[in-house]
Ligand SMILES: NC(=O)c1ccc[n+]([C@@H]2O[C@H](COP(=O)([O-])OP(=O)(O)OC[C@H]3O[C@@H](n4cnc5c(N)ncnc54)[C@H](OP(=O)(O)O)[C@@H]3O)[C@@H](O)[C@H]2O)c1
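Shown here is one chain on its own, the form predicted alone, set out as structure tokens.
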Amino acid sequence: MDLQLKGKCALITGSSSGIGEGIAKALAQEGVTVVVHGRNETQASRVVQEIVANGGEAFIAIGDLATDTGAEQVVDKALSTLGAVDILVNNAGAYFLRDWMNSTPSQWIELYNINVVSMVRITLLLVPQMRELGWGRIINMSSSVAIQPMSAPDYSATKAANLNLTVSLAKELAGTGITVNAVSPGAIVTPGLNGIMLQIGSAQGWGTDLEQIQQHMLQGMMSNPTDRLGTVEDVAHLVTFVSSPLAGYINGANLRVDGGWVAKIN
């Protein structure tokens, strides 16, 4: 299937590792010129080098999206390098393993700024030029816990906000040629998730063998009808399709990639 993405340009925030890295590589394989964003230049450079080695085209933008200045630096670099951004994947975010009683109001505010307001910053900076193009794709990365919260209540609340702003932005941009959708991964194997599972495994007395801990998780809190954990590619393939012209009638949607973990129709 030709996704008609060749010649498009994309900025993927938080793409120096994990799911964002996978999305950047998947888009590049379809002929998209990508800007790899992160706060660590060494990590971002590695991703760019791997994309280029596989025949893709990629550039770096470094900046802290939790600040107005950092967001402006990233957008300025992306636009000066690419000329225009057709596809924005709002993937950057943070996760902390803490519950209600060991979190503070200031920590909730800080995480909301990182996970929600950072999306607002980048979106407000890039939407005007997408309007001029008359075409655009905005994909906001949420999470299954936005609908079915478990631990980390502050994180779950920010992911629910990501879904809400996706729908309001889709309505705001009606008739502009820009679509706005959310993708909500479940348990996806990344270095970050592996670290969290090791913490949980240690607390539960499951030892330090990651494969065994994963099996314990699949029998408990990460149990799903597909009976496996997700891969970065599972998410990246969906995001790539939703980024394409073929997905023009998908708008304001929440697309779950969780193996059926969320026991709801949507």
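Position 1 is the first residue in the sequence shown; the rest follow in order. Bear in mind that the values here come from a model prediction, so they are computed numbers and not experimental data.
Beyond the structure shown, there is the form predicted together with the named molecule, which is absent from this document and is the topic of what follows.
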Inset, instruction - Tell me, yes or no, whether residue 192 is in contact with the named molecule in the model of the complex, where a contact means a heavy atom of each within 4.5 Å. - result: yes
Inset, instruction - Tell me, yes or no, whether residue 85 is in contact with the named molecule in the model of the complex, where a contact means a heavy atom of each within 4.5 Å. - result: no
Inset, instruction - Answer with yes or no whether residue 56 is in contact with the named molecule in the model of the complex, where contact means some heavy atom within 4.5 Å. - result: no
Legend entry - Distance check, residue 16 to the named molecule in the model of the complex, heavy atom within 4.5 Å: yes
Legend entry - The single option of 28, 35, 236, 65 touching the named molecule in the model of the complex, heavy atom within 4.5 Å: 65
Inset, instruction - Check each of 138, 78, 126, 187 and return the one that places a heavy atom within 4.5 angstroms of the named molecule in the model of the complex. - result: 187
Inset, instruction - For the three residues 40, 92 and 142, verify that every one has a non-hydrogen atom within 4.5 Å of the named molecule in the model of the complex; reply yes or no. - result: yes
Legend entry - Segment that reaches the named molecule in the model of the complex - one of 130 to 138, 164 to 172, 192 to 200, 99 to 107, heavy atoms within 4.5 Å: 192 to 200
Legend entry - Contacts with the named molecule in the model of the complex - residues in 109 to 131 whose heavy atoms fall within 4.5 Å: 114
